[in-house]
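For reference, the chain that follows is the form predicted alone, supplied as structure tokens.
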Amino acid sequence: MNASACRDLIFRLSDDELIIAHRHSEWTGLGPLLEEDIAFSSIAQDKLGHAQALYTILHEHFGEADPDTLAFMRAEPYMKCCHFVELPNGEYDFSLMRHFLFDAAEYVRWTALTQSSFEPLAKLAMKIRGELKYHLYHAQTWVKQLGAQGSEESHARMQTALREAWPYALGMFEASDHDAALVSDGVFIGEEQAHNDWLAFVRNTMDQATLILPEDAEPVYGGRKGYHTDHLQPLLTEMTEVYRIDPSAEW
């Protein structure tokens, strides 16, 4: 197994989970319904747990720092999250559309990873895939309800959210220099295959929601290589503020 390729993959996965967890948590107390406050808070907690589990694999199998250090002490250029998770929440329609598009990609990735030749990742994938079913069900239900069963306004707002989110969603599948090694080693199916599987899944849901996929969007890349939006550094500053006061403190 190519250790560098596997390490890079896990950093991409874990950093996405960490940052989207923080974004989801920002809806706590601000959602349109109490149930949605609870739902987004619960999903954020799950995502944070996924990130911790992935950072633990990096620590135990690749000699990286402990999970807290990896999450809270790396500078922006060393983060490998995609731009999509960095974007501010915006209105609830955008957050909901991002929730669906991101978790659809997550479901495709983690389903594939249940067959990974890297056993620690395959074992973790079995657990995470089970949790993702509920995340995805929540997102799908709302997208279809607001798209096909809601009002003219709700349909228009979800269509606009899809159009705004789509270029960044495509950026989740930014090609890696390690894809060939990951595929040949049986660690992961690669970004191209993941993108194709995701697109088929998303298209089916959008058809049910009577929403139209943008056809001319250009993917927004850069995050996987350490080039981020202006939104990431403020998020990292806020997220790490307490930890950086005293990294050695015990809670």
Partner chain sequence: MTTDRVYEVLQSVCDPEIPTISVVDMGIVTAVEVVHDDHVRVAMTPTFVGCPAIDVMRNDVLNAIQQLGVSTVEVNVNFDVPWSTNRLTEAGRAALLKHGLAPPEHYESLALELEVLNNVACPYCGSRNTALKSPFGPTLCRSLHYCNACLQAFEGFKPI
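As the structure is a prediction and not an experimental result, all values here were calculated from the model. Numbering follows the first chain given and starts at 1.
Not pictured, yet referred to below: the form predicted in complex with the partner chain.
Colleague: In the predicted bound form, do 39, 126 and 134 all reach within 4.5 Å of the partner chain through at least one heavy atom apiece?
Modeller: Judged in the predicted bound form, 39, 126 and 134 all sit within 4.5 Å of the partner chain.
Colleague: Can you tell me whether residue 53 touches the partner chain? I mean in the predicted bound form, with a 4.5 angstroms heavy atom cut-off.
Modeller: Because a heavy atom of residue 53 falls inside 4.5 Å of the partner chain in the predicted bound form, the answer is yes.
Colleague: Even though the partner chain is not shown here, does residue 186 get within 4.5 Å of it in the predicted bound form, heavy atoms only?
Modeller: Answer no; every heavy atom of residue 186 is more than 4.5 Å from the partner chain in the predicted bound form.
Colleague: Give a yes/no on whether residue 201 approaches the partner chain to within 4.5 Å in the predicted bound form, heavy atoms considered.
Modeller: It does: once the partner chain is placed as it appears in the predicted bound form, residue 201 has a heavy atom within 4.5 Å of it.
Colleague: Verify the contact flag for residue 107: yes if a non-hydrogen atom of it lies within 4.5 Å of a non-hydrogen atom of the partner chain in the predicted bound form, no if not.
Modeller: Judged by the heavy-atom cut-off of 4.5 Å, residue 107 is in contact with the partner chain in the predicted bound form.
Colleague: Exactly one residue in 138, 74, 178, 155 has a non-hydrogen atom within 4.5 Å of the partner chain in the predicted bound form; which is it?
Modeller: Going through each option in turn, the one that passes is 138.
Colleague: Would you kindly say which of 46, 64, 191, 197 lies with a heavy atom within 4.5 Å of the partner chain in the predicted bound form?
Modeller: Contact with the partner chain in the predicted bound form is made by 46 alone.
Colleague: Pick from 147-155, 81-89, 166-174, 116-124: which stretch has non-hydrogen atoms within 4.5 Å of the partner chain in the predicted bound form?
Modeller: Every other range fails; the passing one is 116-124.
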